[in-house]
Every structure is written in C-alpha cells, then in structure tokens.
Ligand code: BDR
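Next up: a single chain in structure tokens, the form predicted alone.
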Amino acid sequence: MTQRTVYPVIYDTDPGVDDAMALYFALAHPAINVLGITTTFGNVSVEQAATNAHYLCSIAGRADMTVTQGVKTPWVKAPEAPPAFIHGADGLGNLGMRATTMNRLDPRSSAQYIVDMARAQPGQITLVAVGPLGNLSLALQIEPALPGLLREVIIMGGTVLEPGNVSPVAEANIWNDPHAADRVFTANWKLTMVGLDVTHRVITKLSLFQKIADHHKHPATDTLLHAVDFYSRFYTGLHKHLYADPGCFAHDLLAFMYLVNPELFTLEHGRVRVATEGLAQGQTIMNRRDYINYPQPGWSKDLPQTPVTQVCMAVDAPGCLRVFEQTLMSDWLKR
C-alpha cells in the first residue's frame, strides 16, 4: 500500500467565511496536519480573527489548536474598515450567541511563531496564507533565511487576467497590504499564487453546505452553513448567474486544494511584482514575456532577479468540488 504524504501546515488567515470553509477542509483532509493558525487583520480585525479561529476549532473538537495574533494594520498604507457587508460584523455571518470556549492565545506574535516553527522543522512546513501578507513580511524581517526554512508558501491572493474584486485590477488580500505583498513575492522561496484567475471559476453552492450540515448534524457544520448563507447572499446580489442556485466563490479553499490536488490546476511561471501606489494599487503584475528586457524600473534584466512564482491560471472546477464534498462529508468531526 502506498503511504499517503501528510503535509504539516501553518495556516495564516483572517476568518472570514471562505477562511472557515478552508479551515474545515484542512482539518477534515487526512493529508493535511494543521500545526497552528496565525491570524491577521483583513476580513475582520486581528482580534476578531483570533477569536474566530479559536471558536471554529473548538466547536470542531480541536480546542488544542495553537492560535496566534499577528499584525493589526498594513505596513504602509492607511487601514481599511473590514468588509462587514460581505462576511458579517463578526466575520462569520453575524452568528449571534456563541458557545463558550476556554482557548488562550499563544503569547508569541504570528510572525515569531512562523519563524520558530520553521526553525524547528526546517524544510518541512508549508505555509498557506489566505489574508493580507503582513505576518509573512514581518517574519522575513525577523529571519531573512526563512525562505530556505519553509517547504513552500501558497498564497490565496492576486490576479493576472481576471478582473479584481476591490478595483478593476486588484484582489482584496494584496490590496489590503500591497507593500507587504511585494516583499513576499520578491523573497526567494517556493511560492504559488492561487488567485482570482482560478477562484472565480469554482462556485460552492449553498445547497452543498446544507447537505453537509444535514449529514453531520454538528455545531461546526451548522455554523459553517449559517456563515455561508450570509456570504452567499452577498455574491448572489452581485452576480446574476447565481440567482437561481445561490452560492459563493470558495477563494481560500483553493489554496489548500492546490496543496493536496495540484493536478487540478494549470500553472504558469513568471516573476510577479505588486503595484503599491495609485490607481493600480494592489495589482499583481506577472511578467509573461521574460525574454524581453523591459526598461521599466523593477523589470530590467540588469537588476537582481525577482524569484519566479508559480501562478494558477486554470482549474478543474468539478474536480475541486468533488474533493471538497468527499472531504467534508467524511467522518472528521469530534462529538
């Protein structure tokens, strides 16, 4: 029998409804071992992000999960208000009453936790980042050798050809902290970008979450259904093709999907930079013609080379949905 590879993962997140979808997929999948959750601002404040991470883990029977609190604001740009109209004021569709949990934060910052874990397990850990990238940028300041200590970094963020979701060219996670993002894209690690070019191709239907909740009859899947119902209302109001069968984009889920099923994705390789100012702020710009010596500062071949990023450009959407359903319908929850 072939032994399954199990990936040790640090999950850098700002939960967030699609963050919760991704977390439960990661906890349910037998090939993913979530070592800890590092939180950041983004969909909610960093304080609410840590609260949500603790809560989601506790009701799923993983109260032992390490959770850290990270950066509160962008590196340079002015902070933005969290998008309560998308995720709810609490990030989980305005849950109302929550069960009491006794979790305590790890006292380390998210960046310090990333560095400590990478030093302790060099070359082993994959970091899956689905929010603004301040924690990774700060971790690079603490430990410049970090790219050589992590197995891989997988980012849900950015876009190459697909229109943006906070501007015509920018995706929200990168736009929220473009200076941190540019630093992450120019660090010399194995980096994969899972952006809107693929996440806008995978729609998870509200009916699927109802099916999962009916199957498990568990507080965790009930909570997920509530959150996705709120989230789907936003997307259904925005995209006419979702009116008849409500659903939502599973943005953050696809970062973990790439980790365990990379064959479902088509990749391109190229240098990626982030626009940090002006109308294009937050745009992820990929050099798709590396044979041209562009005179634009930042792209010339005479300058130190930005590392090549793997960028997901196409996806097998039905394949992703099959894996997601099979994983969430499995017997993964503790009673």
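In case it trips you up, residue 1 is the first one in the sequence shown, and so on. Since the model is a prediction, treat every value here as computed from it, not as a measurement.
This next part talks about the form predicted together with beta-D-ribofuranose (BDR), which is not shown.
Asker: Is it the case that A172, even though its partner is missing from this view, gets within 4.5 Å of beta-D-ribofuranose (BDR) in the predicted complex, heavy atoms only?
Answerer: Result yes; A172 sits at the interface with beta-D-ribofuranose (BDR) in the predicted complex.
Asker: Is there any non-hydrogen atom of N165 lying within 4.5 Å of beta-D-ribofuranose (BDR) in the predicted complex?
Answerer: Answer yes; at least one heavy atom of N165 falls within 4.5 Å of beta-D-ribofuranose (BDR) in the predicted complex.
Asker: Under a 4.5 Å heavy atom criterion, is N43 part of the interface with beta-D-ribofuranose (BDR) in the predicted complex?
Answerer: Heavy-atom contact with beta-D-ribofuranose (BDR) at 4.5 Å: present for N43.
Asker: I'd like to know whether M156 contacts beta-D-ribofuranose (BDR) in the predicted complex, with contact meaning heavy atoms within 4.5 angstroms.
Answerer: Yes, M156 sits close enough to beta-D-ribofuranose (BDR) in the predicted complex that at least one of its heavy atoms falls within 4.5 Å.
Asker: Looking at V228, V184, L254, V130, which is the one with a non-hydrogen atom within 4.5 Å of beta-D-ribofuranose (BDR) in the predicted complex?
Answerer: Looking at the other structure, the residue within range turns out to be V130.
Asker: Tell me, please, which stretch of 172 to 180, 206 to 214, 92 to 100, 144 to 152 lies within 4.5 angstroms of beta-D-ribofuranose (BDR) in the predicted complex when heavy atoms are compared?
Answerer: Selected range: 172 to 180.
Asker: Which of the residues spanning 7 to 43 lie within 4.5 Å of beta-D-ribofuranose (BDR) in the predicted complex, based on heavy atoms?
Answerer: Result: D14, D18, D19, N43.
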